[in-house]
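In structure tokens, the next block holds one chain alone, the form predicted on its own.
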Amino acid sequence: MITLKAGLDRALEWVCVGLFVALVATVAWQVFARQVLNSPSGWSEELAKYIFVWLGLFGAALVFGERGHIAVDFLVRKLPRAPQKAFGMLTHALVLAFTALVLVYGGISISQLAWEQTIPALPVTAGHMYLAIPVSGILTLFYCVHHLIAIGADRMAPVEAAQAEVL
């Protein structure tokens, strides 16, 4: 599972880089067309919005996989190892339930509802664009299960070590 996670991390990093490059190119074209050609592009603004959403959702899944998300764990750090492990497991179980219900189930539902809804400026439907929600949810579920197993097997600290603040 560790090898699978490492491969998924690498692939997701490249997807995020590709999406970021596409976002920069789309916005650059939008500015160029508006300011230099004096002919605003109708599709570029719409595409930039959707790329930004995909980038945000996939980036969030990647950060969750790296355990780089915000955590208010000051009190949990003060506890002994066993309660820390219990809180770590509980937190990941709650994230798993939320992700499964809201991102995966809700994302599939909204994608199905919008599958036939056209986006006038783009050659895809809104349902295609909303697929980012369940896909990022499935990625987050994978990372959540990986963390639960690693914490349960004591291969991962239940609470990440505090990083020193750089002033």
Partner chain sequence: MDITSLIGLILLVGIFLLLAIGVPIAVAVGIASGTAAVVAIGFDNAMLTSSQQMFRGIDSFALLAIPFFVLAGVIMNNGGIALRLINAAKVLVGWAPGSLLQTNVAANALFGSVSGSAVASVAAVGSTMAPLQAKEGYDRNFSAATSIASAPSGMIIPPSNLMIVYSLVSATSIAGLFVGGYIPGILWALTCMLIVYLYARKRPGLTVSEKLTWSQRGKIILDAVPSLLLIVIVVGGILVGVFTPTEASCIAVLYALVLSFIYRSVTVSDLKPIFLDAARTTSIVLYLIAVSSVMSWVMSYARLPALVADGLFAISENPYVILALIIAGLLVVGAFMDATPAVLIIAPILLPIVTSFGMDPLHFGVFMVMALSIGTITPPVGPVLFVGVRVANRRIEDVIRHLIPFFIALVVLLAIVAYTPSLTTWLPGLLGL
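Positions refer to the first chain, counted from 1. Just so you know, these numbers come straight off a predicted model, no measurement behind them.
Omitted here: the form predicted together with the partner chain. The next part is about that form.
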{"property": "4.5 Å heavy atom contact, residue 62 and the partner chain in the model of the complex", "result": "yes"}
{"property": "Close approach of residue 82 to the partner chain in the model of the complex, 4.5 Å, heavy atom", "result": "no"}
{"property": "The partner chain contact in the model of the complex: residue 28, any heavy atom under 4.5 Å", "result": "yes"}
{"property": "Contact flag, residue 16 vs the partner chain in the model of the complex, heavy atom cut 4.5 Å", "result": "yes"}
{"property": "Those residues of 66-97 which, in the model of the complex, come within 4.5 Å of the partner chain by heavy atom", "result": "66, 68, 69, 70, 71, 72, 74, 75, 76, 87, 90, 91, 94, 95"}
